[in-house]
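Given next, in structure tokens, is a single chain: the form predicted alone.
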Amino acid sequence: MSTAMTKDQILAATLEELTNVAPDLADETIPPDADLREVFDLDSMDFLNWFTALHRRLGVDIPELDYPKLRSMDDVATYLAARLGGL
């Protein structure tokens, strides 16, 4: 995937991969700042699968050490944007 992505494109890809991992969220409205573990009861396996899917799609490594700071859609999009060349 090209590194020239807008934040909206990153958010769209992030949401698409999240709903692939947790299909029950497809009909949910996910606030960008919502703590996904708290609000939607995602567990560590869901996050691992999601981050693995994002790595495959975007080519961005997400070290396990960074997982705790990636709690919301905004957190993940900002993290990915920085690693894709910044916005």
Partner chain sequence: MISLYRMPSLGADMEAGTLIEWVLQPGQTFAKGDVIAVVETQKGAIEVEVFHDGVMGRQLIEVGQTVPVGTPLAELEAAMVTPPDQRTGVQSGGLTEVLSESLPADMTASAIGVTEAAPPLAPSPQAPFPKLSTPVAPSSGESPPRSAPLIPPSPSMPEAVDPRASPAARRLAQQRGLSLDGLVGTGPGGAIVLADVRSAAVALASGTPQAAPRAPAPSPTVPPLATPAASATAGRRPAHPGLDLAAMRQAIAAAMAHAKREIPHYYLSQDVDLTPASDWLAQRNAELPPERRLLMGVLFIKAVALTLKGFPELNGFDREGRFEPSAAIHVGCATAIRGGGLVAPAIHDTDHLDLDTLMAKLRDLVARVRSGGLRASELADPTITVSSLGERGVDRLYGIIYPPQVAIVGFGTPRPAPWVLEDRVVPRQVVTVTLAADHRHSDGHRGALFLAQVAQRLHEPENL
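Numbering follows the first chain given and starts at 1. Just so it is clear, the model here is predicted, and its values are computed rather than measured.
Beyond what is shown, the protein has a form predicted in complex with the partner chain; the following relates to that form.
Contact check for residue 58: every heavy atom lies farther than 4.5 Å from the partner chain in the predicted bound form. The closest heavy atom approach of residue 22 to the partner chain in the predicted bound form falls within 4.5 Å.
Among heavy atoms of residue 68, none comes within 4.5 Å of the partner chain in the predicted bound form.
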